[in-house]
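Only one chain is shown below, in structure tokens, and it's the form predicted on its own.
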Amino acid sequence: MTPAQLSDAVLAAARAVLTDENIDTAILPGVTSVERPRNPDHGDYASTLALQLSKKAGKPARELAGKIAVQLRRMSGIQDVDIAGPGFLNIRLDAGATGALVHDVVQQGAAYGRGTAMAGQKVNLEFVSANPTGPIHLAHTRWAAVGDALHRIFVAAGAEVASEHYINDAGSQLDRFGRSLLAAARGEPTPEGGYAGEYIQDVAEAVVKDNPGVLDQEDPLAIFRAEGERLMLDEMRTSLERFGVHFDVWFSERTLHESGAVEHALDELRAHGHVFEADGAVWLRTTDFSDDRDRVLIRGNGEKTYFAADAAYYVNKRERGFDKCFYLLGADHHGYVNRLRALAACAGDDPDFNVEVLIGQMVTLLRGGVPVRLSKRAGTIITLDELVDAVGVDAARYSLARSSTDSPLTLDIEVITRQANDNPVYYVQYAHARIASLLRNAADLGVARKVDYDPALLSHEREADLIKALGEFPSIVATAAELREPHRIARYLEELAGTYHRFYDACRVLPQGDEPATDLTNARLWLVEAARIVFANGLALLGVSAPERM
């Protein structure tokens, strides 16, 4: 019996009680949940449904809980139900019902953990969105890991998701980038406000190589600007793909201006009555929706602002059919939260549903507790490629995704590459590799998992702990999607690894010496295969491999 099935059983029991008591069953929630109590002595699962229904039902919660317990005890798979405190239902399953969950996990395989929490939602997930003037750096890399994990988690929760990289190619930064490349190609100093670092020389040389005679042209700046952008975008794509991050859409800011999308968005906002003119400029009255000040769309000199492009981009996303527009932004973008929410409201949307802004904090990289020196190639930053070269894709992705983005993150290269149990990514991957090794040993012994097993045999305390932990995975995925917190997957996997290792130490799976394989051997092979599937599925949601050997 899965936690979801038990939740349905609790609802069914409550419905029977309300019917018997002539109480309107409409007071029942659409869904309820069961939780694992912290103290195993209190049962396998606990429900607070009686407490939730008490006031509406006009019955004391403890009395209501007692009647629900009577109904539950009649159901197959439920061993006993106790009433605790003011009306908590503490439920114990029989071993067969507990062990039957293993069959569900193995049969579902890679689909186990997927659900419908976000079914029907069409989501646009914008993250990284680095200027095409330099390599992907460490701050972008955190959002690459978290954003891609969110993409995978949202899909697992039933959403239709498009990942999108916004190319900031319409501002003055590309002119400065082009001038920096031209100066480097000519052997001149970096211009004021320009870009430095060895990569500038590398890109400049590539532009010259791909465009013979470019330096002899009367005005080569446009070529250096365009070709430099192309080369940087190619490098970005290569770095991100190496990191396991693929964007469905690379969206150019410049196309918003060239296509008339900015003017179209302003017309849409005017139609909703929030555009006005003052001091020779065109404004959006975002203060109508809790922004700290109104926003300029077109300056008095006729120049369109960045916010005008932001407005056009949002309207464009909605017109492409996306219900929810996610923006994953850096720590210096807190001011964007209210203005983007206000923009959505000015466009006639619900800012509590249609737009969501997530702010990520900075990352500090250490080696042996000492800050890592700045990148030589990029001048003042540590690049994604340098991080991957130092620690590998798996260690980087897992370590960047396992902490809440609300908090600054410090990573020590020596810790996250250490093959020891105090390294979380190693600890989790080792659990999967340990299972894979066990299954190889089983094959070497000629012990194969049979087409079915007796779930009642999985009655050991450590077996029950592992099964209940496996049963939590779908709700963990759903919660990670709902709260936008991939780190919940990582922390769950770390707890699961500890639970598996304790099971392995207490419950011998394979026969030794001349011992024959038994029905218990077969049941435990089913259990370890179920554990392997959950480790693999959880790691896949983080974009991390599940190794067969370590």
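So that there is no doubt, residue numbering starts at 1 and follows the sequence shown. Keep in mind it's a predicted model, so treat the numbers as computed, not measured. For the two forms, the rigid core is made up of the largest set of C-alpha atoms that agree within 1.5 Å on superposition.
Just so it is clear, the following notes concern the form predicted in complex with the RNA, a form of the same protein that is not shown.
- Only one listed stretch (358-366, 184-192, 266-274, 220-228) carries heavy atoms within 4.5 Å of the RNA in the predicted bound form, and that stretch is 358-366.
- Only one of Arg440, Lys209, Arg74, His246 lies close to the RNA in the predicted bound form, with a heavy atom inside 4.5 Å, and it is Arg440.
- Shown without its partner, this chain lists Ala464, Ala162, Ala433, Val155 as candidates; in the predicted bound form, only Ala433 has a non-hydrogen atom within 4.5 angstroms of the RNA.
- Using a 4.5 angstroms limit between non-hydrogen atoms, Thr48 touches the RNA in the predicted bound form.
- Residue contact with the RNA in the predicted bound form: Lys324 places no heavy atom within 4.5 Å of it.
- A residue is said to contact a partner when one of its heavy atoms sits within 4.5 Å of a partner heavy atom; Pro424 meets this definition for the RNA in the predicted bound form.
- Within this chain, Gly498 lines the site of the RNA in the predicted bound form, having a heavy atom no more than 4.5 Å away.
- The candidate site formed by Gly115, Ser259 and Gly446 is entirely out of contact with the RNA in the predicted bound form, as no residue has a non-hydrogen atom within 4.5 angstroms of it.
- Shown without its partner, the chain has no residue in segment 190-211 with a non-hydrogen atom within 4.5 angstroms of the RNA in the predicted bound form.
- Taking 2 Å as the criterion, Gly115 does not count as shifted between this form and the one not shown: its C-alpha moves by less than this amount when the rigid core is aligned.
- Comparing the forms between this form and the one not shown, the C-alpha position of Asp82 differs by 2 angstroms or more, with the core used for superposition.
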